[in-house]
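Read the single chain below, which is given as structure tokens and is the form predicted alone.
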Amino acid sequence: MIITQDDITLFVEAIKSVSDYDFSEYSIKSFTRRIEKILVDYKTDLPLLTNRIRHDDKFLEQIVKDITVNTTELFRDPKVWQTIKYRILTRLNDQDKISIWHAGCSTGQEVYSMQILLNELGLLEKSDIFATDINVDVLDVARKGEYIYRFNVEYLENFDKVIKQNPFNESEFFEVPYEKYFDIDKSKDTIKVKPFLKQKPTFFKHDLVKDGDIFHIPFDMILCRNVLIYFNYELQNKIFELFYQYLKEEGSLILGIHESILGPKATKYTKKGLYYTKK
């Protein structure tokens, strides 16, 4: 079945007519791929899918979860985390409080990566960490902090590169055992983050597209990685404006490694290698 842009428009309008979700400014190419996969997974066609979401609230919520993409890992893109460690967090040492928002946190691995990094730098206690996503299922996974070991074991190499090694001084090495932050049970194929890490962040549902200022605090750092690639140009710029309003002066914005700020909002930020700061 060939899905046209008109088909997608009708589908998006159907969702809007029965819910608060608005996908009208998502990237048409990315959104079409997600719908094509959903049609295959559910062995249905678009008219039947559209009709069902109009009359079944639970099914609608499931489809919204299927539309959103949730891929993440511990210390994803180590160079980004090395930058956060040596270029951003060092500037926040003298502050009484550090505020961080993970927007689109998915299953939480990067939230726990940040906490590990903060703890190693002695900054965790004075940090307030918020983590949000539109998908309540992935938020439940994030709160539990329990993952499949075989799917995450290769990412422990990222841990080594960020926590144990210093890319700016190869002779410097920090012997930090995984057991300091994880309970690993290979026989049960689980890797669980330690309870003290799970107690710190505040996880809750938040829709970047429509939810306004629910924090009422400015942030030192916002991480929104590999989320904006699924939005069209206009929506991306709306989100960049949102982040601009949330950030403290000189606050840092960290995007996905293949994401960048283009268009009119670029003048509000200064690019510093792998991250941006608010002007």
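Every value quoted in this text rests on a predicted model; they were computed, and no experiment measured them. When you see a residue number, it is the position in the sequence shown, counting from 1.
Below: the form predicted in complex with a small molecule, not depicted.
Novice: Is there a heavy atom of residue 206 no more than 4.5 Å from a heavy atom of the small molecule in the predicted bound form?
Specialist: It does: once the small molecule is placed as it appears in the predicted bound form, residue 206 has a heavy atom within 4.5 Å of it.
Novice: Using the partner position in the predicted bound form, report whether residue 227 sits within 4.5 Å of the small molecule, counting heavy atoms only.
Specialist: Answer yes; at least one heavy atom of residue 227 falls within 4.5 Å of the small molecule in the predicted bound form.
Novice: Taking heavy atoms only, is residue 70 within 4.5 angstroms of the small molecule in the predicted bound form?
Specialist: The answer is yes: residue 70 has a heavy atom within 4.5 Å of the small molecule.
Novice: Would residue 113 count as touching the small molecule in the predicted bound form under a 4.5 Å heavy atom rule?
Specialist: No, residue 113 stays farther than 4.5 Å from the small molecule in the predicted bound form.
Novice: Residues 26, 76 and 106 are flagged as a possible site; in the predicted bound form, is every one of them within 4.5 Å of the small molecule by some non-hydrogen atom?
Specialist: Looking in the predicted bound form, the three residues 26, 76 and 106 all sit within 4.5 Å of the small molecule (heavy atoms).
Novice: Have a look at 156, 134, 88, 124 for me and say which one sits with a heavy atom within 4.5 Å of the small molecule in the predicted bound form.
Specialist: Filtering the options by heavy-atom distance leaves 134.
Novice: I need the one stretch from 32 to 40, 245 to 253, 229 to 237, 55 to 63 whose residues put non-hydrogen atoms within 4.5 angstroms of the small molecule in the predicted bound form.
Specialist: So the stretch in question is 229 to 237.
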